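One chain is shown next in structure tokens, namely the form predicted alone.
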Amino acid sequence: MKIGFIGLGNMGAPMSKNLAAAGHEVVGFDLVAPVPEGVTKAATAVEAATGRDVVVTMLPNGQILRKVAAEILPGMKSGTVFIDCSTVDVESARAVADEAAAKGVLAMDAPVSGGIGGAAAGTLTFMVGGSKEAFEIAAPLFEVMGQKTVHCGASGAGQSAKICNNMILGATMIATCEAFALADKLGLDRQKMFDVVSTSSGYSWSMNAYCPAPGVGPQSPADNGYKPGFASDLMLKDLRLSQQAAEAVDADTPMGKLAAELYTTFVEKEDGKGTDFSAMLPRFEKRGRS
């Protein structure tokens, strides 16, 4: 396929590289980031999108998505598939899908889970909202970039799934870090703690696959000085999106709200900015009961 890829940062670069390596003709654009191996550089986002079979975007937020969509949609031919892999608010995803539909473009919101490592390895999970027709056309591309794709429903459903998933992730990581800090003060060995919890009812992805304690469990950012696999700043963004969505539909999410408040404090008032979201553990290690 002829693919335009807009947004070549930490996630977009390896995703576009994998598409090119699979034999697709990929033209990419980013305001700052370099174009990865196998991808042809476009001078503008409009150039990257014009005349393509598929256009993929990976952008920082909904405001930028709306701006880029307004720029590129006029040059996209009817029948083009527009896949937005950014994590944005549901309202922006639906607004862009409506704008695309008016021009005969098949738009999907397809946020991802799996982080930078998953993007590089082609093992991402895609949560997709949009028409069945668009999903079927794009399915081979999702198979190149990821290992699992779920068609969640109509436009906005992909973002809804991502927001709910990451609200769970933020809350469970906080609970996991709290538990390790408590175990330390109770004199419980961290490895013993992991051995019990990882095979008991406390089992979670945060514990078993992404353990925040260095030297315990599989390799994780905790073993690399908490350099981001998934940055605290991005977790805060997603938790805020969850609370924005909850407010819009009048949903009671007290744990999600508290998680957002804790990550706000960690990122904006403490030393969490630029660290992995699992760096909550050293934060709790330093603190007493308040």
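Model, not experiment: these values are computed from the prediction. In this text, residue numbers run from 1 along the sequence as written.
Beyond the structure shown, there is the form predicted together with nicotinamide-adenine-dinucleotide, which is absent from this document and is the topic of what follows.
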- Please check if Tyr263 has a heavy atom lying within 4.5 Å of any heavy atom of nicotinamide-adenine-dinucleotide in the model of the complex. no
- Using a 4.5 Å heavy atom cut-off, state whether Ala279 contacts nicotinamide-adenine-dinucleotide in the model of the complex. no
- Query: Going by a heavy atom distance of 4.5 Å, is Lys237 a contact of nicotinamide-adenine-dinucleotide in the model of the complex?
  - Reply: yes
- Query: Using 4.5 Å between non-hydrogen atoms, is Gly115 touching nicotinamide-adenine-dinucleotide in the model of the complex?
  - Reply: yes
- Task: Quick one: find which of 133-141, 100-108, 83-91, 193-201 has residues within 4.5 Å of nicotinamide-adenine-dinucleotide in the model of the complex by heavy atom distance.
- Result: 83-91
- Of the residues spanning 44-73, the ones with some heavy atom within 4.5 Å of nicotinamide-adenine-dinucleotide in the model of the complex are Met58, Leu59, Pro60, Ile64, Lys67, Val68
